[in-house]
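One chain is shown next in C-alpha cells, namely the form predicted on its own.
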Amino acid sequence: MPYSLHVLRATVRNLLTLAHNIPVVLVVFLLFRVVPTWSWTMPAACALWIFDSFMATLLLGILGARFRDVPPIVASTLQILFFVTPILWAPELMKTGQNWLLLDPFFPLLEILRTPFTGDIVQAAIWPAALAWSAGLTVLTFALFARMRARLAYWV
C-alpha cells in the first residue's frame, strides 16, 4: 500500500474526532452567546488545516519511524507550544512583542480560523505567515520523504 494511504487514514480519523467534538463547540457558543460570522476565508482555512495536518502527519510519521525518541519529544514540545500560543489567552493581552507571534507556527493557522468565528478582521500579515509556514512544512516533508522513502519500510 502507498505510504500516503496510512497518512490519509490518520488524517481522516482525526477529522472524524473533530466532527464528534463540534457539538461541544456549538454548546459553548450558545452559552457565551457567540455568533460566528461566515467568511470566504473559512473554507480556505479549513483546507489549509487539512493539508497541513496531512503534511505534519507524514513528516512526524517518517521521523517517528526512524527515531523512536521523536513521539515523546513531540508531545513535550506540543505541550509547551500550547501554553505559548494564544489558545487560552487573547493575543491582545501582550503589551509588547505581538509581532513575534508570527514566528510561532501554530498562531497564524489558529488565527485564520478563529477570527472569522469571533467576527474579527484577520490582520494583513496572518495569511502570508500561515501560507509561509505551510510552504515550509511542505518543502521539508517532501524533501525528507524523497530522501527516506526507500528505507521507510525497514524502519517500521
Partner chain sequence: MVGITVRDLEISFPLYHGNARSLKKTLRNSLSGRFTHDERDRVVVQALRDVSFTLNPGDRLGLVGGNGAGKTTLLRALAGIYEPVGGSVTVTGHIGTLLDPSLGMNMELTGRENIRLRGMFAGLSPAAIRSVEDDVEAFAGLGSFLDLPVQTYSSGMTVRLSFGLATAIMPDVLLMDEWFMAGDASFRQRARKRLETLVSKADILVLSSHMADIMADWCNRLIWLENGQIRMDGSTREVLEAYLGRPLEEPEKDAASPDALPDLIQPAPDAAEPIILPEGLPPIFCRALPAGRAFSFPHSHRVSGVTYCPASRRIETIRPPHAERSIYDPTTSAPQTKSLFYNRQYHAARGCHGGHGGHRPDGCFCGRHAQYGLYRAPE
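Residue numbers count along the first chain shown, from 1. Keep in mind that what you see is a predicted model, and the values were worked out from it rather than measured.
One more form of this protein, predicted together with its partner chain, exists but is not displayed; see below.
Counting only non-hydrogen atoms, which stretch in 104-112, 118-126, 26-34, 60-68 is within 4.5 Å of its partner chain in the model of the complex?
Among the candidates, contact is made by 60-68.
Does any heavy atom of V84 come within 4.5 Å of a heavy atom of its partner chain in the model of the complex?
Although its partner chain is absent here, V84 would stay clear of it in the model of the complex, with no heavy atoms inside 4.5 Å.
In the model of the complex, residues of 140-156 near its partner chain [heavy atom within 4.5 Å]
The stretch 140-156, when checked against its partner chain in the model of the complex, contributes R149, A150, R151, A153, Y154, W155 at the 4.5 Å heavy-atom cut-off.
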